[in-house]
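Next up: the same protein chain in two forms, each one alone, written as structure tokens (structure 1, then structure 2).
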Structure 1
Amino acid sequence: MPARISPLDDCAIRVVDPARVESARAQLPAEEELAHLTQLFRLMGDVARARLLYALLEAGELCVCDLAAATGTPETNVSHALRLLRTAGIVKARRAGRMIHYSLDDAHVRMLLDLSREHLRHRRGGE
């Protein structure tokens, strides 16, 4: 059964503003960039990976065993998630002897996590 369209989601009067439509189209990201963006959000949209990212946001840098302990996630799952996140450029790794420490890749990832959380808090009325 198709979802019903609410009156807020539909045009009350069907009139297209060609200048605004063209302006919007001109600003749309290219298909390749959209594919990369959706992949980024898909990777960050997993609960277990999001938990790892927020642990790194708070701690700054952690190894696999610390991340596993902090998030209650098995080390094998942490390793797999970190491999995906590192390949996507969301986290980075730093080797110190035999240890590998992970952190968020850059300030943009931090900002995305902070803004997303702030947006949720704002939508809920400032919990």
Structure 2
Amino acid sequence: MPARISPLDDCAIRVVDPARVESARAQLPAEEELAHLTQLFRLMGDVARARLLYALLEAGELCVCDLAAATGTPETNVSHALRLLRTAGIVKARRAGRMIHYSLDDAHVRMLLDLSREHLRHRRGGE
């Protein structure tokens, strides 16, 4: 039976296992870290952007028009997406004449993409 943490009757937080709760709470990532982490995941959590990232993971470096071709996405769209990814430090740009070549800028992300995909490949047909 959940116990009241505070003596107040209503608007009290009910807790079953105070020790475990406290330990979990204490070890949660700090706000700033959480923000960073979730931003990364959120940006990876869009199909169009994920296609871009996987294309870059494969190709190493691609210009905007090639990214558009490889992913079947309108160039404007690609550009918008790249700006978000660039701002977040996930992707980096290299200018070459009037083209701009993009590549993954974060070992972190490369690892996440790699692991996730590998995992997907291994679990064809069953969890």
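For clarity, a rigid core is taken as the largest C-alpha set superposing within 1.5 Å between two forms. Each residue is numbered by where it sits in the sequence of structure 1, with counting from 1. Quick caveat, the model's predicted, so the values are computed rather than measured.
Taken from the form predicted alone, structure 1 is distinct in origin from structure 2. On the core-superposed pair, the CA position of residue 19 changes by 7.2 Å between structures 1 and 2.
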